[in-house]
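Let's start with one chain on its own, the form predicted on its own, as structure tokens.
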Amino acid sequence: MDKKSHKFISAFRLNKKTAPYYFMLPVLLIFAIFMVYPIINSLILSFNKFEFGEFHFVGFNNYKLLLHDPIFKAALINTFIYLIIQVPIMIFFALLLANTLNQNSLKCKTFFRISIFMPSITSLVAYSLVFMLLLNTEYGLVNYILKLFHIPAVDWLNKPTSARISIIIAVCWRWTGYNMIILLAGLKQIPANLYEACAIDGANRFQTFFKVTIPILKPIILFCTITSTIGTLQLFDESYILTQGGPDNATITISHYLYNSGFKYVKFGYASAISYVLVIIIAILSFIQFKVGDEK
């Protein structure tokens, strides 16, 4: 064995320097098989068309088709409507609830925290079915309450505007508690002496909240906003179960259309192209949010 071969083999021998890499090898293999390979394969698929059981290379045709696809445009608009309306409402209520539940004078705080957080660990299908019952036009509890106040019943899930409102309400109900817990953890880290100093200086609660609490919580609010934005852009269950994307694609989301393209219409290449457009949108929005939230 020559000198070069001996050096090459000795580089892979188990010793103090190489041991960490050998320990990491199983994790790296699993990551490569279940994460890296699907990402690369779906990118390749986005340049192919599945036809008669075979894939044919079509270049950027799938991406060009997206530009003229009315259902994709509807899905894009719907998703951004949910994003623009639902995320600010959810973050506002999460912040309000976290601040309220952080008050020392409040009793039964644990009960309230668990009750508000509970929807985020509920089964997606189960909670969607519960909302279908609550929002039923004829027998739903919501319309029953409206009738008690002599307000006409609303066809919640079968009209474009009311169906979108229903999805926004359902998503807010589910994820507000999750964001509240994260913000509450942030509030717990704020030193009590800061609030004591504000009280000595004569600052009222509003001034303390906006001058002390909000600036300190800014990185956590940014984190909640980014994760909520990504979650909303990937919204699927509510559109699929509550409204089936209807009426007339008025509530369909990008993820729902991606699912339909891939598994309903068997257009795997087209679905992959949609997924990469979604990835680009998420990356751009996350970058903008990081820049806006940059403390510099």
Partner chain sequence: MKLKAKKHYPVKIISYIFLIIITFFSLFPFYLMFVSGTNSTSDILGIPPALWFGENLIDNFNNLNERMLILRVIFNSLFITITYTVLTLLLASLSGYALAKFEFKGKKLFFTIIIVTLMIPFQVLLVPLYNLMNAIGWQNSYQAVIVPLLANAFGVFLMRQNMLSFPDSLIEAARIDGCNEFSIFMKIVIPTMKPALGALAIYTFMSMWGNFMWPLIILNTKEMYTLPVALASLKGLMRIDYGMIMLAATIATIPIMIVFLIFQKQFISGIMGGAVKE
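Between two forms, the rigid core is the largest collection of C-alphas that superpose within 1.5 Å. Positions refer to the first chain, counted from 1. Remember, predicted model here, so these are calculated numbers, not experimental data.
We do not show the form predicted in complex with its partner chain, though everything after this point is about it.
- Looking at 177-185, 208-216, 158-166, 69-77, the stretch with residues near its partner chain in the predicted complex, meaning non-hydrogen atoms within 4.5 angstroms, turns out to be 177-185.
- Although the partner is absent here, Tyr37 sits close enough that one of its heavy atoms falls within 4.5 Å of its partner chain in the predicted complex.
- Contact annotation: Phe12 falls outside 4.5 Å of its partner chain in the predicted complex, judged by heavy atom distances.
- Contact between Pro26 and its partner chain in the predicted complex is found at the 4.5 Å heavy atom cutoff.
- Contact between Asn61 and its partner chain in the predicted complex is not found at the 4.5 Å heavy atom cutoff.
- This chain appears without its partner; in the predicted complex, the one residue of Ala192, Ile84, Ile151, Leu133 with a heavy atom within 4.5 Å of its partner chain is Leu133.
- Along 249-263, residues Ser255, Leu258, Tyr259, Phe263 each place a heavy atom within 4.5 Å of its partner chain in the predicted complex.
- In a rigid-core overlay of the protein, Ile280 has its C-alpha displaced by under 2 Å between this form and the one not shown.
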